[in-house]
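Heads up, the chain below is alone and in the form predicted on its own; it's given as structure tokens.
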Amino acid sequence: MNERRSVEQFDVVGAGLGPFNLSLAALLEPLSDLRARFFEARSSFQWHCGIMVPGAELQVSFLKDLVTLADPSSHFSFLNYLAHEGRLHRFLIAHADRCSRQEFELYYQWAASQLESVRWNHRVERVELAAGGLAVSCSGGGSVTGSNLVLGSGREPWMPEFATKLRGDTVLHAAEFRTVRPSLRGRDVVVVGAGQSGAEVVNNLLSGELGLPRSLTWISSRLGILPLDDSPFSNEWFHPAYVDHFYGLSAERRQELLSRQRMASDGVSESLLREIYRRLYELDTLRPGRMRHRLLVCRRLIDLLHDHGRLAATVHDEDTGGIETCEADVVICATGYRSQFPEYLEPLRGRILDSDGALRIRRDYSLEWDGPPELGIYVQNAAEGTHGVADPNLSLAAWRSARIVNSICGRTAYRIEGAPSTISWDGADPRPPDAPDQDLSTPPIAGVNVL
């Protein structure tokens, strides 16, 4: 008689290993009372490899890494990585407060390689409710059971349906730019979308690395090629206190705020805008006629089709209502990413979606669902509508992972709550109630005379 193979039990099971679940895995690593397992379909850690153009920089500080904002002393910090690699002094001399995305990917790979909880080449295929918890089955073989599941599958590249039908070597998403590597030399190229990804694609086109196009048409539905709002008070939207304030608002108010805050997350780095403008100026003045270019704002791509061996892009002018057609050989859609319901969750669809087909997400990033209360399902990068503009951003990755860890533990494994913000979102005085008023009659700095 064959014995039934025992199924491994874990306190935490992670589906997918992008930067957010990598952060969670790093914060769980020193907690000996929790057993964790993370499954990733790829054979190694990769981060936006399709849009990893040379020179691309982080839009956030390198201190917003996997762990620092939750545990600055962690072995998995970016600064410790630099020290481990012997690059700490040179990095600090070379960089003020940013670093390249390529180096940050190396950091992620370094951290991932040290985590005992990660299993590569394991694609999560099915999650269902079982007697011992949440049963997770993988293509890499076998299954495990977890008391808590953390969804880290990430968002999928999105293109309009008419463009998706033509997807291939000449119609592609920006996320495929470095993997498809379309032939560009001497061709007519259209780039759709003027966020950071669209700008990075355009900048790379202008560099001529893949061959200088004959013409470039850059289409933006926005009022212009707009910069990232990286000002200090706008960055308060990326503070934990604001996340909790935002969560307490009505759904209608949250949607209104997200639309008004968009440039704090989707704008283009000012340094990149300056580089593109400079290259366009040099093309026009030093190499006139070498490459035609048109930057079209307040325009929206409304159709795309093959026409006599070329592509015909139909563009609507939002200002005048006019319609025009742009011919092209290559169309690159920098049209963003959207959350998709993971196929592996189909067995639980009816238990975790509300009547409108949406996830019901609690303050601690767990889902309200029709299952045993002792079993938790948590989301990473799927709560922008409830937790604010910072959700898909790297800024609060460590803080959010620590909040999930604390929720799973049922204790304060990481002290992350109660940090005061500069803006009083709830209108309260940020000072402790017993704080004395400042004595304005004394100099603010001892030994310094104030004139």
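None of these values were measured; they are calculated from a predicted model. When you see a residue number, it is the position in the sequence shown, counting from 1.
Form predicted in complex with a small molecule: not shown, discussed below.
The three marked residues, Gln9, His75 and Ser143, fail to reach the small molecule in the predicted bound form, with no heavy atom of any inside 4.5 Å. In the predicted bound form, the small molecule sits within 4.5 Å of a heavy atom of Glu40. The shortest heavy atom separation between Ser153 and the small molecule in the predicted bound form is within 4.5 Å. Taking the partner from elsewhere, Tyr344 is found to have a heavy atom lying within 4.5 Å of the small molecule in the predicted bound form.
None of the heavy atoms of Arg35 is located within 4.5 Å of the small molecule in the predicted bound form.
Among the residues Val191, Ala199, Val124, Leu205, the one placing a heavy atom within 4.5 Å of the small molecule in the predicted bound form is Val124. Contact annotation: the small molecule lies within 4.5 Å of heavy atoms from the stretch 40 to 48 in the predicted bound form, the single such stretch among 40 to 48, 406 to 414, 419 to 427, 27 to 35.
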